[in-house]
Structure formats: C-alpha cells, structure tokens
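Here we start with a single chain on its own, the form predicted on its own, put down as structure tokens.
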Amino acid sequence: MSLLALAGVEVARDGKAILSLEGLDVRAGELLALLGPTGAGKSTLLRVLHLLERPAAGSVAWRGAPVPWPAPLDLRRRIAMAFQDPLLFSGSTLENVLYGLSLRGETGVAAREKATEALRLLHVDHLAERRARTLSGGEAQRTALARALVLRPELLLLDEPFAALDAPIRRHLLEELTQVVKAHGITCVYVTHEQGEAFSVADRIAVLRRGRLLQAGTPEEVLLRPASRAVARFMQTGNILSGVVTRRSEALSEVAVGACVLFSRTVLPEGTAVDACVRREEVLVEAPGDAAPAPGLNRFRGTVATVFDHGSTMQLKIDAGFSEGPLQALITRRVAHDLAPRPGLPVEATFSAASVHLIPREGRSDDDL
C-alpha cells in the first residue's frame, strides 16, 4: 500500500525542469533510499514529499487521496525531516527535542517523558541536560533524529543526515536508525549519494539522475539487473559491452560482441541490440588451464593490462579481445596472492551466463538525458 504517491510530477527553476518523474510511490512501512549523484534532484524530491513544494505539474496523493495545496497542517504534521546539518539551537539537548512538541501545544510532564524516551531510543538520554552546542557531531545528529522521532511521524525524511560524520560513526548510526524505524513501523525515505549506505538500509532503492527516475527496485534488482546503461554505470558494474543477440533458446541468449560471443540467461529475441552487463566481482580470474568449454559458461583467455590495488580487493583490466576495451575483474586479496597478477601475465577470465544481464538498446540512451 502506498503511503505517498507521485504521478507526472514536474518541478522547474527559472524555466528549467529540475525534477521530472513519471511516477514514484513510497510504500507504507518501507525504507526507501534515494540514490544519485550531486545535482540529481534528491533534495528537491524530498521537498515535494514533505509537501513543502508544489509541483508545476502532476499530482501527489497521501494514502490514495489527492493532496490539496497548500497541504493541510494536520497532514504536514504527519511528516518529519532531519538534515545533514543537525540545526540545533542554543539550549539543552532535551529542550531541542521538546521544541517540536511545544509547537504542537504539548508541554509539561507528558512532553518531557516523550522527549526523554526519544533520546533514549538514540542512546543520548544521558546528555539531556548538556548544552546542545557542546555535543560532538554524532551526538548532535542523534539529538536531531530524536527531535524528529519524538513527533511520531508516519513518514520520516532524511537528507544525508550522516554525510559529515566519520565512516565508523556513520555506520553505527545507520544500524541504530534502521533498528528504530523498523521497530516502530515508520516509513522512511533516506537520501544519500553513498551506494554502501543505500544497500545497508534500504528495502527499495530509487536511482535519480538529472531530475529523472532511472530505476526503482530492490537492492538486488538495481545492482544485478540495472534498467539502463546509465544505472549500470552509476552502480559501477564495470563491464558494459555493446552487442546483438544472434541466437536464442529457452534458457540462453547468444550475443555477438564484436568478434567475441557471450552467453546470457537473459532471453531476448534474435536481432535485439543490447548492452551486456557483467559486474567486475562476477569475473573469475585464473591461470590458463585446459578445461573444456562448458555450455553457458563464458571463458576468455587474455593478458593482464593493468592492476589497481584497492586494499582488500584488486581490480584487473584484462585484454581479452573485446573491441570496446579490456575486461574488468575485481578479485580478493587472497586470489591476488595466489595469482600474483602483473601487466603481461597470461590469464583466463570466466563468468557464468547468469552473470550477464542484457539491457535492450531502444532509441536514445538515457545517457543523453
């Protein structure tokens, strides 16, 4: 069931469209991550979802009912938001959390109990009397989240709330936040440009680029079955090869990529122009062997062109006869230790047909949008 649904929404600035969505729904009880580069329109979309910005076109519906503009106060009060900057004012931690309640006319002992409980949920209740301006970055962000949660929103909007924090603190807060919203059944939209964050918290991911929704789906769908070349590139697939389906069966498509042939479990009609996507980590790299060809298994011999050390992993580029350039592979440190990769080393790159996702190329690529 959709808590909030957008259809045909357009937002413009100075006559230029900055958001153009055919449709997007936020489902009740889910954690939806909005993922995209800087300038993708994520913050503008949050303002529309917060019912603060009226679209130039399109409709917004709350639980199936159209939202009038300006949106009624009682409806906007069902939504809370936290930002990258905690925006705490002078006063104590507890007073900051009480502020939203006071605007709604809630004061006294009952309000203090609610605020204290919200601080307890975020593990900062021991800082209730501390001056807010003396809090560390992580403590301040916990307080800002408590200030949003104390309002018991049906929809919680988060605009990169942990972006300014160090990675270990960010990961810890993400875990705690996810536990809290799930335990209380709060619908949450989480904006980030960090893919790792999105995959660690989201039930679904919506990928935005230049104000357009490129794909919305489960983390697995977006990662392994990108809807377009643009999504595949953004998700750092690594290998995106242009080809044509030359033969198909009930279980396999055979794809000509220049002089090379790939097998894929994505079954498409013969003659379909496609982008064949193979994630770097799906490519197994070994020393050349004498294994016989296996049906549906992609196997290419080549030489290592370059080696990039990423610490726990290493990225190899392998000259394997593809006209579009080297094949990319991401291998573990253990595999690298055994293989000892270096430029010029003969290797064999192998990946299954299930690892090859085919995207039909129809008309203009959304890379041009």
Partner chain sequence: MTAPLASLGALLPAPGELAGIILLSLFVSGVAIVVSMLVGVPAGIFLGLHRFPGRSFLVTLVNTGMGLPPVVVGLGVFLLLARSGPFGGLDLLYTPWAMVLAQVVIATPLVVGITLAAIQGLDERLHLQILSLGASRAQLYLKLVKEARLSLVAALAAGFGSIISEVGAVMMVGGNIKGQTRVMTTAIVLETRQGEFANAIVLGVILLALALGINWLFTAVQQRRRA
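Remember, it's a predicted structure, so these values are computed and weren't measured experimentally. Positions refer to the first chain, counted from 1.
This protein has a second form, the form predicted together with the partner chain, left out of what is shown; the following refers to that one.
- Annotation: in the predicted bound form, residues 52, 73 and 87 each come within 4.5 Å of the partner chain through at least one heavy atom.
- Contact annotation: residue 243 falls outside 4.5 Å of the partner chain in the predicted bound form, judged by heavy atom distances.
- Contact between residue 297 and the partner chain in the predicted bound form is not found at the 4.5 Å heavy atom cutoff.
- Contact annotation: residue 269 falls outside 4.5 Å of the partner chain in the predicted bound form, judged by heavy atom distances.
- Contact check for residue 91: a heavy atom falls within 4.5 Å of the partner chain in the predicted bound form.
- Checking 243 to 251, 280 to 288, 164 to 172, 125 to 133 against the partner chain in the predicted bound form, the stretch whose residues place heavy atoms within 4.5 Å of it is 125 to 133.
- The listed set 206, 140, 151, 119 contains one residue whose heavy atoms approach the partner chain in the predicted bound form to within 4.5 Å, identified as 151.
- Comment: the partner chain is not present in this chain, but in the predicted bound form one of 181, 80, 201, 232 has a heavy atom within 4.5 Å of it, namely 80.
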